[in-house]
Structures are given as structure tokens and as C-alpha cells.
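Here you'll find one protein chain in two forms, each presented separately as C-alpha cells under the names structure 1 and structure 2.
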Structure 1
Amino acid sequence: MNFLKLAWRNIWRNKRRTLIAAGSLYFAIVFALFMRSMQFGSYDIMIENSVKMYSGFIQIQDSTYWVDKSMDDLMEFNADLEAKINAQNGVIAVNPRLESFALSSFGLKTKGVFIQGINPDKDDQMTRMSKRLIDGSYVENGENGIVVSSRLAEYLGVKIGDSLVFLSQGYQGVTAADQFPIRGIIKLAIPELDNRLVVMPLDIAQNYYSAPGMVSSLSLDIEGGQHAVDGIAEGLRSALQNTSLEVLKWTDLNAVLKQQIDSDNASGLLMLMILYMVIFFGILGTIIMMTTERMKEFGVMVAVGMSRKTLLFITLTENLFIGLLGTISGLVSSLPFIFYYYNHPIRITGELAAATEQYGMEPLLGFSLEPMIFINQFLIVLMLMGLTLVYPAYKISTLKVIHALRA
């Protein structure tokens, strides 16, 4: 007979009570895992759509460009700079971009658009934009054609082969006006981008804006995604410290998205806190009952020679068993579902989908398998069980054997 066995049998003295306590933890874990996994999964989708498909996790710009995004604050991009950036650990590729706004016109319709001049081969390695093509073909280096987003094409009523006229201001005040044939139409997940994006090869954009050799930013493809950003950005800042260039992280580039994620995350945490607080008091009630009804037995154990430490160890083990029962069963039963939804995100439909799109997000509920989600819930439950131990610990440490024996 060892003390672990004793603790295990102790928790089954009142099966119903133990099952209710473990059951409440089970449901808390299942709910918390689904909620957090769904939250983080959705964040991953949002980041994937907004960051990986558009801004990149890190950008390098002229230090004056970010505030006004003026064509006069472009930067030069050359092989030396590219080599210096590529030398940093974790950088996969440097994607030069020239981005600005223009007024587009087709027939009697006009619309403000966002022009993105890219190196199609390199940029597509990161953004996989070509996979979003729903008609025609993707832009190619040296070819004069452009790709427009689906909602823009729909609004202007254009199709493959039509030409769009753009009017804008080029580098150092030059007027930029030209027309470009449409090669392809892409459908983007983010409605805001799908309403106004025009993609063209970098050299065509540089020519259009009269800015040869100039770019507005360098978007970096990096290893490790969002978790590797801080380290790589720090390295780049050191490498570029004597230049006029600035290193921006995705959180700087997508401040609104970051705020949305932070605020949603905070509301999720608040909900979990309330849930765990309710669970905590439920478990505490059980532990108080388990302790109170066994005071006499505690007294006998100490009377016959058990140290209070051993008694506390047994009580701690009982708590741990209840906690593990609830947590492990919750984890085991949640994981297959979370794994399934991780691979098959839920597509939102109807009004909720429209509302989601209005916030600039893809109407998709993704799930995350980020280990920290599972570890955190496990640790929270252990912490709660630890906190509930304060009561028996106090009762055992202040136990008066004589009084306990009379209980």
C-alpha cells in the first residue's frame, strides 16, 4: 500500500462528488481549449491573410516613408543592400515593392486603387498571390499586363483583355498617367484589398511612377513566421543602423489588425477568467467538504504517527488526481476535434460572414494547435488545484489531534 494508492482510493470514497468536480474541470478545459484554439486559429488566418499575403512579417523602408507614404520618400534598392539583408539569419527572400495609390478609370467609371509593383516570381513565393487567380494569368516580369482584384473588376466592369487607365503622382512630382491591359483577376480574402488592389511587375510600376531603381519597401520572407519576427528584426536593425532605413515589424505595419487581435484576445482571457473562477469555487467547495468530513481521520493518522507533511502530500495528491482526471480527459476528448478543425476550418456563411468581412476579415473560423494553448490550460488547472489546497494545508497545519479525534 503506498500513499498514491491511498490518495487514489480516497478520491473515490464519494464517486459522485469526484466525478462532478473532475467533470466541471473537464468541461472548463474543453470549453477553454476550443475557445482559445479557435481564437488563435482565427488570428493565424487573419495574420496569414493580412500579413503573409500582403505586408510580410518584416518590411524595410526609408525612415521617412511610413508616416506620409509619399513617392518622394522612396528608397534605392541594389544588390549590396539585398546581400546585407540576406546575410541575416532567418531571412528567406527580399521582395522589393513599389506601392502607391492612383485613380483608375474604365469607360465612365473611376475608382481609387492601390497599385503594387512587385517582382512576380519572388513575391509569389511568399504571398502565393497567383493561387488566388480566378481568371486569366498572373503578371510576369517584362510583360506590360496587370492583375486586378475581383471586386474592383466587378465594380469597373472590366474583363481580361480590357485596359485600365491610371492617373497618379509619380516620383518628385511627375505626373503618372498610363494605361495597362488586364491579364488576370484575383480574388482576395480581405475585402478591403479585394476592392482596390492592382498588381503589376515592379519595372512597369517604376516606369509608370518615373522612379527607376526605386522601391517603397522591401518585404521580407522569413523563417518561423510571427514567432521569429522579433529576433530577425533586431538583427536587421543592427545591420542597417548606419543607414536611413527603418525596420518595421508586422505589428507596426498592421497596427489595426494587431489591436483587433489584442482586444479579442483580452476578451477571451476575461471570459476564461470568469469561467475558471466559477470552477475554482466549485472545486474549493468539494475540497472543503473532503477536508471537513475527514478531520477525525486526519487526527487518527497523526495520532498513530503520520507526519503532517505526509498527510499534506496525500491531500495534495488527491487534488492532483482530480485535476488530472478533468484535465487529461478534457485534453484527450478535445484534441481529435481541434485537430480535425485545424485541417478543416469552418467557413462562416450568411449575415455573420458579411459582418466578418465588414471588419476586413475572411469569414473563416480556424483552429490552432499551438502547444502553449494546451500547456497554459493544463497549468491553469494545476494552479487552481494548488490554490484550493490552501484550505486543507491550513487545516492540517493547525490540526489539534485531540479535537480532531473528538470530531
Structure 2
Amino acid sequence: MNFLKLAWRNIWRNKRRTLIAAGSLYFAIVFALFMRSMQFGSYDIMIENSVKMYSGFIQIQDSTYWVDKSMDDLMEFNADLEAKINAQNGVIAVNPRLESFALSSFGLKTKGVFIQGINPDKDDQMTRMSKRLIDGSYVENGENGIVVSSRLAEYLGVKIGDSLVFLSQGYQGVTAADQFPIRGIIKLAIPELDNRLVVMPLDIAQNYYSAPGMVSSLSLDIEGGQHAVDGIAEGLRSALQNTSLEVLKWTDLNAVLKQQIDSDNASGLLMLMILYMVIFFGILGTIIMMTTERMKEFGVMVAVGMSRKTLLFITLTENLFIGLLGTISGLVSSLPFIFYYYNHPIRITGELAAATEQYGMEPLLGFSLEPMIFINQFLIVLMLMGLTLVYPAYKISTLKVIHALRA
């Protein structure tokens, strides 16, 4: 305790130098936390919009469906298969879907659309699609009606109560042609989906495509989100290994999104490395200056009987106090702002918002409260402070008392 008190008093003998060193760490921590939290928060929003609201974190399909996405490669969905999947740890619900493309028409306008046949009650518990209604009502089981995305409705010039005509190819080459009344309009965050999505009840879609009891995929609602995908997927592969079914993770279903996240994360790590490199050399310069100025003091302490190990321990403790002062103050002051923006994401506007939407992303800057973001920055700063101890450790271990007393 006496050594700790001595180290604490030593760092305040020169308040300006201590505050400069701690201040540089403070601003590094604040900048790093905001940058990484914003990055991971934006990734969470992208994954939420692209994965949870559309594909799901895990899908089960026939092994031949993923290549061509042909209606002839549908799979049969029954109670036994559903029970086998639900028996896996981490699986909350199995959402059967029948998805395909069709040509839609209203008046003189036509457009290719993506039809998604779902079980409205079960699927909505995962996607929360009904929360995005801007007009009308959501589809219900057995109801002969559809919900269309807002940009598609705007392009075709349709409103609630109008009917859309669809033409497509059904199961085993059967022609699929029918018209459906519009029950609701939803606004989706992903522009690509908002331009073409049509949602209808699963039984209606199966009847339209002449595929009773058939689905294109099973989208799974799971516990733990993206962090639990690998373990649950492996368990499902083991359970379904003697079938023709294939288990696909969200990274398989959204390869482009995964590449975008990995690329952006790599650039963020590079910026972080540059920041910490600058901070490291700034702190190292301060430590060298502090050590050089105190050489006579070190000589006196060794001359009166203090061991070099004890002297090194006191110096290490001083650096640790400075590091903790900068990092803890940075963490404490950043957390309220990050928590606020975690609950209130920043909406991008203007040309930047348009550019963001072109990449298929919602123009939002979210923040993350992932604990490892804070832990990693704390550990990195402590590691940098540890590296700066190399110089004073070398100077103390090679200290010549006579030369130091004459300094």
C-alpha cells in the first residue's frame, strides 16, 4: 500500500504532464469506442433488416433448390419434419415459406415481383413485418389477399382495394395466373425489397403455384441471433444428415452483405491501428521524458537501499495509474452518449442517404453496446501502456548510480 501511495503521489508531482498523457488516452478511447460502436451498431441494423426480416439466420432447403431456385425443387413440409427441427436447442420457431418470382400487372403497368408465401401468425413473430404497415391491414391465414411494398405500390399506382394480376410458372411447369386484392401496404427498410415484395398467406401461394403442401424453404427463428448460428446449424445438420435437406446460415444466404461487413470491419481496424500507433508514440515520448528527468531521483532511491525491482514496480504502477485514469474516464464519459444513440439511431438524410440506399442499406447509423467493444479497447490501452514500460525498465536495470547522482 505504501508503494501504491508513493506511485499515486508521484504522478501528480507534475500535473500538466500527467493530464497530457491521460488526456491523449482519453480522446483515443472516446474516438475508438464511438467508431467501433457505430460500426457494429450499423452492422446490427444491416443484419436485422436483411436477415431477420427476410431470410432468417438459418434456412433449411432442398439441396438442389439453392442453385437454380426452381419451382421443381421444392420440399415437402410436414409435422414430423417440424417436430425434428423444433427439438434442436436454440430453435424458437419454424417458419415455412414458398417464394418465387412473377410478373405483376395493373392497368397499363407491369413489373417483376418477388412473391413470398408465409404463415402470417408465425412468421410475423420473427420479422415483425406487420409493424411496417403504412396503410390497410396485414394478411391473415386463409384470406385471399396480399400485402405489397410501398415503392412497388407507388410504381404501379395501386391502393388498398385494388387487385393485382400475376403471371408465373407453377410447380412442375403448370401455368400460374390469378389476381389478388391488396389488403395492405408496407414500407421496408431495404430499397431492393421495397421495390418488388408481395406477401400472401402460404396456403394461397401454394394454391396459386399448384404446389399443395410444398415449400421452398424453412426460415428458423433462433435464440441468440447471429452469435448462436454456428452451433445451432451444426446440430441441425446432424439431425438432418440422412435427408436431402440442406442447412444454410445467413452468411451463405447473404454472401454480399457478409463481404460488405468484413470489408468495412477491416478498414475500421486499420483506422484503429493507425490511431493507437499515433497515441503509442505520443505516450512513449512522454514516458521517455519522465524517465530522463527522474534519473537522478532513481539514482538516489537505489543508493539509499531501494531495490531495482521495487523501483520498476513503482514506475509500472505510475504508468498503470495514468492508463487507468485515461481509459476509465473515457469509458465513463462515452457510455451515456453511446447508450443514447443505441436507443435513438442517427438517421442519415440528403444525398448521403440516397447513396446508402443504393447499396441496399437503411440510412441509419446505429450504435452497439456489445461488451467486447469496451473490453477490447480497455485491454489494448493497457497493452500499449505495458509496451511503453520497456524503456524505463531498460534504464532502471542498466542504471549506474554514480552517473545518475551526477545527472
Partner chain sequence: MKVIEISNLNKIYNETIIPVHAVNNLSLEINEGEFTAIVGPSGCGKTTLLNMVGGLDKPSSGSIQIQGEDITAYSASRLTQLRLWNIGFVFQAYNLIPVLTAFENVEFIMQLQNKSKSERYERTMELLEAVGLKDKKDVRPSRLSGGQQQRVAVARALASKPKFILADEPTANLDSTSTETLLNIMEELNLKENITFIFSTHDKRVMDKARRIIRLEDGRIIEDQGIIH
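Each residue is numbered by where it sits in the sequence of structure 1, with counting from 1. Keep in mind it's a predicted model, so treat the numbers as computed, not measured. Definition used throughout: the rigid core is the maximal C-alpha set that superposes within 1.5 Å between two forms.
Between the two chain copies, the one drawn from the form predicted on its own is structure 2. Residue 84: CA moves less than 2 Å between structure 1 and structure 2 after rigid-core fitting.
A displacement of less than 2 angstroms separates the C-alpha positions of residue 159 between structure 1 and structure 2, with the rigid core held in common. Relative to the superposed core, residue 399 shifts its CA atom by 2 Å or more between structure 1 and structure 2.
Taking the rigid core as reference, the CA displacement of residue 308 between structure 1 and structure 2 comes to 2.4 Å.
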